[in-house]
Structure formats: C-alpha cells, structure tokens
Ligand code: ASP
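Only one chain is shown below, in structure tokens, and it's the form predicted alone.
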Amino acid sequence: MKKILMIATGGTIASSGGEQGLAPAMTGDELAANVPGIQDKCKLTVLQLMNIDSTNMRPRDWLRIRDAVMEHYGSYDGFVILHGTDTMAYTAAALSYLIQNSRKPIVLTGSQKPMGNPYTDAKLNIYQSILYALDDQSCRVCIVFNGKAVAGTRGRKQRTRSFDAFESMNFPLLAVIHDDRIIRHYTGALPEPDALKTYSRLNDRVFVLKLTPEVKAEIFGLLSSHYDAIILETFGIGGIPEYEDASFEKAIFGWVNAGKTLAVTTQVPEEGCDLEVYKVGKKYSEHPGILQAADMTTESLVAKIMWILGQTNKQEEIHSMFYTSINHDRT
C-alpha cells in the first residue's frame, strides 16, 4: 500500500466561524478523520505545518512547504497539501519552480466551504486529491479541485463562491476525476527519477503593475528602491500607452537599462500576450532585457521571477531560465 504525506497549512478547509468571520481552526488530523475511505486507499500520515488563512501565505511559507516535502521525499510515494484557495495558484506555481521534475506527485487542494459546513466540498476534494496522488501516472506539482487536475503553473482561481473555483489557463486539464476513475486529458512523459531538481532561494522583491487608463509612468521610479522586478500587465494583447511625452518608453527602458527585470504580460486572462502585433507594443519586443510572458499566468510569472532572481542577477541567465518551460508554464 502506498504512503501519502498530507501537509496541512490552514485555509477555508480548516476554518470555523466566529464573531470576526472564518479563521483556520481544525487540524490536519481532524480534517483527515472527516473523509471516509481514505485510510483504506493508502497509509496516510498528516503533518501540521502551519494553520493560516492563505491570504497570509508568503514566499517564506512556500519555502517551509518545500522544505517539508523534501525532508520527507524519500519516505512517501506522494504528497497532498491542504491550502486555502485564495493564493493556492501562487503556491502551486512556486513549488513547481522550487521542486522541479518530481516523479512523485505533489498535489494541492482545499475547499470553498469549511469541513464543518454541511454542504462542504472539502471531503470530495481531499478524497480525489489522494486518488490522484496514488495514481502511477501522476507526477510534478498540480492542483486537484472539483474533479479537475490542473498543472501547478496553470491554475487560477476564477470564482469566489462556486465549488468549480479553478481553471487551467491556456493549457489542457491534466485529468478529470469521476468517482474513482482518473481520465487523463494530457499525457506527457514521466520525469526520470534522477531528473529531480530542487531550489531553496527566492527573491521576493517582485511587483505586479496593472496598467489602467492614465496611470502615471512615474510609478516606475517610485518602485525602484523597493523592487528588483516588475511584471507589467498591459492592455489587450500587449498595449502600452504611447503618450506625446514618451513617458512610458523612458520609464520602461530606464528600468531595464538600470539592470532591473521587466516581464510583460496581459491583464486579459486567456490567450496570452504578443508585443509585436500593435505599434503601441512593438518597440518593447526588440529589447533583450524585456521578457515576454506569452501565455503564462501572472501567478506563475510572480513565482518564476522570484525563483530566477533567487538564483542569479545575470541578464543572460535570467533570460535563459525565463524562456525554459517548467511544468508546462509556457507554450
């Protein structure tokens, strides 16, 4: 019988109501005890790593989860991480970069309603996550939620209330789960056992800047003392304001020429960014210091750039690492 380590971190799934609203209270052992049948499927061990609302999840906590997985990596066949839904996509992406090419599945799940709610989705999500983690074809980091398995770099929370909270952005679902059946939609090659790579450093000085009409280009200067990288969410397929004073051109080229990192994406959720389509973006496509996100999610961009800048500050290495596809993060 396979061995699964369930790592509890808090989130809605562990929350109970109070005068000030929902807050994590249940332990991982209590959550597991509420899911019928899982003890018959595997040898389950629960590790209570933290018990926080995922709004409070930070890069240093991603590293704690990474360390917990790697500390027990040799002793278990798979891992299920119980996590709040609000920042689950960020954590899944971060773990995809911190633990690469894992032959053993690392599955994140949670719920939209607490375990104690009579209409909770928590039980099925935990059960299906364990089923997925036990399957011989499962690998790498992924999210399992509401019967869908999503690559760890492609998840996004699209709905705040519905059980069908997560979508796979610009990439096929890995699988759907019906009852005890896993129906795979994407069947890539399994990683070789010796392909595992792990990392333990992140640079959290990364800022996401969403363009809005009349936002001032001076914002780049205000951010320069606090951040090493900006992820710029442009209009449409890659539109950046082209005002008479050329303020954005000066600010953007000044940022990258000062040795800082800039990645350009779109604020439109689907189909990605291409700076070469319109005149208002094309001039930025030709600068070697400006990274083009293509169809990556913003969540993955945040995590990937934090990971890259945690390893190097050399532009050639940043460029090479950014354009290397990891856990299906870019097409």
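In this text, all values refer to a predicted model and were calculated from it rather than measured experimentally. One rule holds for the numbers: they count along the sequence shown, beginning at 1.
The discussion below concerns the form predicted together with the ligand, not included here.
The closest heavy atom approach of Lys260 to the ligand in the model of the complex falls outside 4.5 Å. Interface membership of Arg156, defined by any non-hydrogen atom within 4.5 Å of the ligand in the model of the complex, is ruled out.
Remark: Asp53 counts among the residues lining the ligand in the model of the complex, judged by a heavy atom distance of 4.5 Å or less. For the chain shown alone, Asn203 is not a contact residue for the ligand in the model of the complex, no non-hydrogen atom being within 4.5 angstroms.
Considering the ligand in the model of the complex, the lone stretch of 206-214, 84-92, 180-188, 225-233 in range is 84-92 [heavy atom distance within 4.5 Å]. Put simply, of Ser168, Gln112, Ser138, Ser102 only one has a heavy atom within 4.5 Å of the ligand in the model of the complex, and it is Gln112. Taking a 4.5 Å heavy atom cutoff to the ligand in the model of the complex, the contacting residues in 10-44 are Gly11, Thr12.
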